[in-house]
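Only one chain comes next, encoded as structure tokens, the form predicted alone.
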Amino acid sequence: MKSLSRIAAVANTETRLASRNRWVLLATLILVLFALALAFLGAGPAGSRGASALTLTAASLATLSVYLIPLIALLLSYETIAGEIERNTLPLVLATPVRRSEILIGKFLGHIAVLSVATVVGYGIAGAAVTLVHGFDPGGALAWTRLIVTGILLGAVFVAIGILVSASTPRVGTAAALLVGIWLLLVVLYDLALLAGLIVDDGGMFTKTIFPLLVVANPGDAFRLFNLAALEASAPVAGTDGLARSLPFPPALALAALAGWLVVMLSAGLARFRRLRP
């Protein structure tokens, strides 16, 4: 019980600090605006495509989330440890009767709390607006709920990545630069490289065997794949987003890959923090 109390205290402090981060507030506002834009632009052809407005919007937001949710997560976590080192407050923190594992888990949970609020508020406003205009649909509401829950899981993966990098460098600026590079690599360049491989392979072994595995191996693509696979019967998608129909394995593997990323990154961050000498 004492351990849980200490973790809760750290999480509460981190939540209050993170909620004042102006970059996070700006990114959340952008999330709300883009979600609202996609809600009404994507919901327009709902009737002609045989799917509800909520379902079509969830399909559009599955792609938007890959870009914005990791960005919010990294903005939250990039100075988690590096900021303490740079401000010379880490020795004071470590001098308290709180274990390093409790400090790191508390910080992680505090960031997840802020990220969850940002995601629920951002997508909740858009979902409420679509429901008011186009009406309620149980299937669409389920897709929306699945999108929010898995979006928080995706954010948790990137929070863990941010904590790992922050614990690996003593400078906030260096941590921020490294995480921008990681975001570009995992969210933008990775998909471009896969598309280039598809073009070069032209339907060969890479396309049929290696490509699906590489998609699942990326946390952003795994998130998108799982959500679009669940939506595909009611909201058909095309292009690389339509990969779910030809997967050589169940879409649930994508969700397992996300969970695996979270466990590995959080464990690596904890191991790195335990070895850190202030």
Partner chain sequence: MTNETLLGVDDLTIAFGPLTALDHVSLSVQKGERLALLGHNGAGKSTLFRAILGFLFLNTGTIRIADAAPGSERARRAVSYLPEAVAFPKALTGSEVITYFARLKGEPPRKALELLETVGIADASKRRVGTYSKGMRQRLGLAQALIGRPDLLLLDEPTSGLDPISRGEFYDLVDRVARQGAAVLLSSHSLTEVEAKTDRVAILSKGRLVAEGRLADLAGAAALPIKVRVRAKGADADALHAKIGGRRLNGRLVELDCGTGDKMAVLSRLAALGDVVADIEIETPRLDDVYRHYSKPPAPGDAA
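The model shown is predicted, which means the values in this text are computed figures rather than measured ones. Throughout, rigid core stands for the largest set of C-alpha atoms superposing within 1.5 Å between the two forms. Residue numbers count along the first chain shown, from 1.
One more form of this protein exists, namely the form predicted in complex with its partner chain; it is left out here, but the text below deals with it.
- For the options 199, 205, 192, 95, the residue carrying a heavy atom within 4.5 angstroms of its partner chain in the predicted bound form is 95.
- Between its partner chain and the residues 24, 17, 265, 255, the one pair within 4.5 Å by heavy atoms in the predicted bound form involves 17.
- Heavy atoms within 4.5 Å of its partner chain in the predicted bound form map, among the stretches 81-89, 127-135, 146-154, 165-173, onto 81-89 alone.
- Contact check at 4.5 Å (heavy atoms) against its partner chain in the predicted bound form: all three of 6, 10 and 13 pass.
- Core-superposed comparison between the shown form and the other one: the C-alpha position of residue 15 differs by less than 2 Å.
- Annotation: residue 10/residue 23 CA-CA distance shorter in the predicted bound form than in the displayed model, change of at least 3 Å.
- Pairwise change in the predicted bound form: residue 21 and residue 68 C-alpha atoms lie farther apart than in the shown form, at least 3 Å.
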